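Encoded as structure tokens, the following chain is the form predicted on its own, with no partner shown.
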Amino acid sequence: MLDGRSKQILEAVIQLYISSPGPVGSRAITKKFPIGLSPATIRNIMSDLEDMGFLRQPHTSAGRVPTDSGYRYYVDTLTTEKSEIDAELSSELIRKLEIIRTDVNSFLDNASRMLSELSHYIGISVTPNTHHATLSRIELIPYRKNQIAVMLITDEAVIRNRIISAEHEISREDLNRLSGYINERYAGHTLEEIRKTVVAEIANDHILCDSLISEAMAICKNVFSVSDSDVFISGLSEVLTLPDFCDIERIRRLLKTIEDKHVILSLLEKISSTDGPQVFIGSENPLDEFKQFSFVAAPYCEGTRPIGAIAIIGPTRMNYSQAITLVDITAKFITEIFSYSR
């Protein structure tokens, strides 16, 4: 535990470093914060904070910068009273999200854009996991030769469009018959239940003697075999303008991390059963790919069931107070929408 003066100095260093990424000296603190301590006393306290692992000194005679442990202490104790984001900023976020709430995929895409735009970091949103979603109906539409456009609508109003290939060209009339058969047989079942049923029925050769059933099973196998969530990512250009990403190697690591959506999904799955925003800072990230960054994420729910997540990725020199509040507001708003549309 830190005493009151040490907390003040640590908070001052972090706030100054967030606003301007350079080593923070004692004189800068006395100029910006009415702490009432001499520069010499502040230097001694900063030295103690360095010994405790909360600060580090990049160069001899330079000021100090926060460590991951310093940021963690700041997030856990110095911001226990959630900062009040500017009311105008908060209402702007809700107003923009409200406009596009009717189309779920567009809504989540725009949610990631809003998070990025307002935080100036990378905004991420993950569409609902389809394992437990219930099929409302499926529509099959001729697309190109031997290709079918599939529109899958779940009980969460999540519309998934996919293009699949068929062994031969199927007429619109036959596609209507196939979609009718699938809807009659599987509507009201979860997509996971449908996947398991299809696998079992395909193994039962005598059921597939009927050409309609055989064709329907082939389409179901293609459509319901993929359950990965979609990931919407916005704001890469926002973080590339930050001084934290001025070296090419760090940019390369960031691009590699962002391009692999499965890495992001793996991390977000770890917070899907948590309550409220979770903060992963630098080296404490569970995945190696994120140990250079900080990650603020929160699940959104349908009722009480977590079905997706939203997040902000940025440098460890992140405005945590603002990021946590933005993620919290957005996750709660999305939860309201999904719970209302049940």
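The first residue of the sequence shown is number 1, and the count goes up from there. Computed from a prediction, not measured in an experiment: that's the story for all the values here.
The next section is about a form of this same protein that is not shown, the form predicted in complex with the DNA.
- Only one of Arg56, Lys291, Arg317, Arg43 comes within 4.5 Å of the DNA in the predicted complex through a heavy atom, and that residue is Arg43.
- Only one of Gly276, Pro286, Gly36, Gly303 lies close to the DNA in the predicted complex, with a heavy atom inside 4.5 Å, and it is Gly36.
- Of the candidate stretches 22-30, 305-313, 276-284, 66-74, only 22-30 has residues whose heavy atoms lie within 4.5 Å of the DNA in the predicted complex.
- The DNA is not shown here, but in the predicted complex it comes within 4.5 Å of a heavy atom of Arg5.
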